[in-house]
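Presented below, as structure tokens, is a lone chain in the form predicted on its own.
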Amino acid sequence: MADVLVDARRVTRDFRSAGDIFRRPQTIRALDRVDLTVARGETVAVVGESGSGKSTLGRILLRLLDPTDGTVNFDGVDVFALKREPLRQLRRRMQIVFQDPYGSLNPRMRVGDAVGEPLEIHRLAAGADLERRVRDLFAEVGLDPSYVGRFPHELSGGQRQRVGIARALAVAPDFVVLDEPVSALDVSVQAQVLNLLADLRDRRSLTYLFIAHDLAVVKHLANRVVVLYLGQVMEQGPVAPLYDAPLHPYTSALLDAVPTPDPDATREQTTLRGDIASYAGVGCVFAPRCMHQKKDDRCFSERPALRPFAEQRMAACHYADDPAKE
């Protein structure tokens, strides 16, 4: 069995919405009994539309959010049982790269200071050694070390995201959550940043949780894909079989939404009707939008179990044995 670094079991997270004179407060379930394992050195992609619970899951794994229920173990240690000092030590081993490369940086702080701050907080470097290590980090992520004295607004979006990556790497973590790290960048810059992340993973033996809404972005970086919808796992499995023959109709729809580089190419495309929204029923959360030809009353009355299939795959669909097409 692979060496498991992150092991999350039945992770559930509820949020309480604010009420007003017209509406009562409501409980919104962002994650619903999610199981997730990430092996050491593996890149697991978590994909789904906005509102599917991807970022919430990433933040719970890092203990930036508390779960309503469930457990998270990091290298065999219960993350939510740690007190202040052991938790501070664990923070060195798990970091995050945020989606917005500008919003995640203090506009009044020079980017070199932003990268050096984690080294100071964890007492890993000071003085000339701190300056040297910051410059080395800039060079490692493809930035000119002379940029250390610049402010975020003086850099491009791609350069700012490289600063965010350097900051995450400053304390030499084992596990990095990449929260849609290229979605705010131009397409040409996305490829450069993805290549950088792959190179850093191989060079530093990093473990990634890559959060994205676009399956095309993660295809060449991830080893395994987990598809989330309304806080539930719809499908998961190795990249190649999942992309070649998705088991769940939601995965099919996400793959059909990936643009093709050939403008003259024609292909059958699945169209999802309606938007992602809360589902109060007892059946499959995807049933209201599902386009499977065998969808029936069972889909609305019985929640499908996440069950195993060949090639280390799992899917939560009553009719996953059949082609998930119209």
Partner chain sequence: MSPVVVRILRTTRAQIAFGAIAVLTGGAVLAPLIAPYDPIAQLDLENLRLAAPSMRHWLGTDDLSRDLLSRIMYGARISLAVAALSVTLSVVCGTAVGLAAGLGGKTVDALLMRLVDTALSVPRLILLIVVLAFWSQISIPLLVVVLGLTSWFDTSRLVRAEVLSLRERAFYQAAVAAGAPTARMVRLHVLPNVAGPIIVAATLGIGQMILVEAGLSFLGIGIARPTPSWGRMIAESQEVMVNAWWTAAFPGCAILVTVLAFSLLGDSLRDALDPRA
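Residue numbers count along the first chain shown, from 1. Predicted model, so just to flag it, every value in this text is computed and none were measured.
Omitted here: the form predicted in complex with its partner chain. The next part is about that form.
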Quick check on this chain: which one of 75, 140, 214, 117 has a heavy atom within 4.5 Å of its partner chain in the predicted bound form?
117
Considering 172, 198, 109, 82, which brings a non-hydrogen atom within 4.5 Å of its partner chain in the predicted bound form?
109
When you measure heavy atoms, are 232, 248 and 303 every one within 4.5 angstroms of its partner chain in the predicted bound form?
no
State yes or no: in the predicted bound form, is some non-hydrogen atom of residue 133 no more than 4.5 angstroms from a non-hydrogen atom of its partner chain?
no
Contact of residue 105 with its partner chain in the predicted bound form (heavy atom, 4.5 Å):
yes
Exercise: residue 150 in contact with its partner chain in the predicted bound form, heavy atom 4.5 Å
no
How about residue 185 - does it come within 4.5 Å of its partner chain in the predicted bound form, if we only consider non-hydrogen atoms?
no
Please name which of the stretches 92-100, 206-214, 223-231, 190-198 has residues with heavy atoms lying within 4.5 Å of its partner chain in the predicted bound form.
92-100
